[in-house]
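The form predicted alone is given below as one chain in structure tokens.
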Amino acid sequence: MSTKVPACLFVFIVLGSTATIWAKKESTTKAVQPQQLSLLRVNVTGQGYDYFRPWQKRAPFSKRALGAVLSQGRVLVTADLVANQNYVELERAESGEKMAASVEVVDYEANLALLQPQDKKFLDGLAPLELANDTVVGDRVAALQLEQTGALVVTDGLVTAVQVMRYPVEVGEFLTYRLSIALQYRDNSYTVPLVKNNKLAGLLLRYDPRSQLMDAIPAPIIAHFLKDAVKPNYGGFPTVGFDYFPTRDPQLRKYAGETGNGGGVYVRGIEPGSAVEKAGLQEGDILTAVGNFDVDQNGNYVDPIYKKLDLTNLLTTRAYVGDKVPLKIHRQGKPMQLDVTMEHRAPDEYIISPYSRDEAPKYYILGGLIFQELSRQYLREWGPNWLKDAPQRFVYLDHFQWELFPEGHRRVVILSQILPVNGTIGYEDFGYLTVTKVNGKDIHSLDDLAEAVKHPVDGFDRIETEEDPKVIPLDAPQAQADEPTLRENYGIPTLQRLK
């Protein structure tokens, strides 16, 4: 792959860990600038879980990527690379020497992970990369990849936008660089470092080869992650905890008690139990400032580096868990200040977990009926278009979970499918149902269900569902008799996994 630089053809030579760039112009070769680019290959093998058949794993996979060597013997990669890993290995590009590594810290929401080799001497001779925290629109950065031979491939790109966007697991929004870049596929493309002036500017987040647009995890997000990663307990990025509307509509401003054409956004939804709710933020408030930054009618503030940017950046990237952030609001026209102690909401604190990497899914099989706790990981089994292709009732529950279940501290139990056995004759077409009660007991988790089926009514387990058929009676003795058949016919080692 060649860089697109006018009147220059770049030739890349890898010498150990040092990539020296030479420029050839008018048949004359001379050194332009030596770069100490500390990169390692990262080889990962693992197995993901099959949420349609939760008792088994998927076929083994192998991935290859590049890791950026940082200080203190750490190697930075994306979290996607190490999800569901069984074994991680570092490889010196110039020599092929290999060393097993462990995942020290991983953040799936920010899509970042830190690795450490079993022996830190393995990184000797590799100068740690510093971070370039000053990248702005119009800057040029270089994407780094390796050929099979170990030769360095550098592709030049232009930063066209700096904005706040959703990351792959779709939990919150984070600062993102958008680049125009003609990136080619390499077997290490799972993690592609981006450098500016020999410093790490970001990592590949996603790439669209048709439009040649890349979204990148920027250095400020990486810096936030690294600062938290040295703590005994990694805190994660703060959770915003509320949604808002712009206030350009004069009628909305009048409804909220606002006069004039001042700034601020209309708070329209608050997650129960969130930090902002604890601080007293209410629906209908007009948020006018976060800390020392005023918020305009569209929800933007003027960032000292990036200029106009979404206010979310103030609460996720610039703030840390435990920080007190003052929010200035108007409540029916009256100015107030709320001090929010920022918190991170872990995935197990959601009603419907947004992600569950590296964890085996829970399930309970009763006489061929497969019960699971609804999660976004389960919905993602329908592929990239799961929002359209997955059962729409489940998508609705996921999207509006806080409005539908404001009490929190529960799960949504579903009857995902029915395996044909003697006790389920006639029920084979049932599936994708929301379970409300079993044997008269309200079901808020698989543990509730496991307890309820211990008490059949008149020899039957009565399964009540939100959707038709509303009630499924299951012969309890027959369900027990079908257990050996289920194990043998469907290769199920155990009929339940509750932890």
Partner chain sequence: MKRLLVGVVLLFASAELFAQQNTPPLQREETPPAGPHQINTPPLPPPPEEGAPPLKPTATVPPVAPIVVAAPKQPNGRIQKSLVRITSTEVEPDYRAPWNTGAIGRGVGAGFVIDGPRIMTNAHVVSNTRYLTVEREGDPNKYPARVVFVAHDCDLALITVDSPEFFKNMVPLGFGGIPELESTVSAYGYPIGGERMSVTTGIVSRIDFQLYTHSSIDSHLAIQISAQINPGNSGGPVMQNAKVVGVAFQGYSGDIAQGVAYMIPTPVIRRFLTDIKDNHYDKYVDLGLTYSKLQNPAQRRYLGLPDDGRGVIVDTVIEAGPAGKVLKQGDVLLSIDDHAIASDAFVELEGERVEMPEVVERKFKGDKVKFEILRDRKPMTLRIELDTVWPYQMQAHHYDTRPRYVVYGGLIFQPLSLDLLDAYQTADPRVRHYFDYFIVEQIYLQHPDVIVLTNILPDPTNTYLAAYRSSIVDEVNGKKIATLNDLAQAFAETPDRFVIKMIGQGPPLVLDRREVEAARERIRTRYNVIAEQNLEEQPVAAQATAASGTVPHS
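Positions refer to the first chain, counted from 1. No experiment lies behind these values; they were computed from the predicted model shown.
Below: the form predicted together with its partner chain, not depicted.
Chemist: Quick one: from Q251, N233, S211, T149, grab the residue that has a heavy atom within 4.5 Å of its partner chain in the model of the complex.
Modeler: Of the candidates Q251, N233, S211, T149, Q251 is the one lying within 4.5 Å of its partner chain in the model of the complex.
Chemist: Would you kindly say which of R393, R178, R186, R380 lies with a heavy atom within 4.5 Å of its partner chain in the model of the complex?
Modeler: Checked against the cut-off, the match is R393.
Chemist: Go through 158-166, 343-351, 252-260, 358-366 and give me the stretch that gets within 4.5 Å of its partner chain in the model of the complex, heavy atoms only.
Modeler: Checking each option against the 4.5 Å cut-off leaves 252-260.
Chemist: So, E407 and its partner chain: in the model of the complex, are they within 4.5 Å at any heavy atom pair?
Modeler: Residue-level check for E407: no, no contact with its partner chain.
Chemist: Please determine whether T239 contacts its partner chain in the model of the complex, using a 4.5 Å cut-off between heavy atoms.
Modeler: Judged by the heavy-atom cut-off of 4.5 Å, T239 is well away from its partner chain in the model of the complex.
Chemist: With a 4.5 Å heavy atom cut-off, would you call G426 a contact of its partner chain in the model of the complex?
Modeler: Yes.
Chemist: Should K308 be counted as a contact of its partner chain in the model of the complex, where contact means heavy atoms within 4.5 Å?
Modeler: Outside the cut-off, so no.
Chemist: Within 4.5 Å of its partner chain in the model of the complex, do R462, K470 and D475 each have at least one heavy atom?
Modeler: Yes.
Chemist: Pick out the residues of 105-134 whose heavy atoms come within 4.5 Å of its partner chain in the model of the complex.
Modeler: Heavy-atom contacts to its partner chain in the model of the complex: nothing from 105-134.
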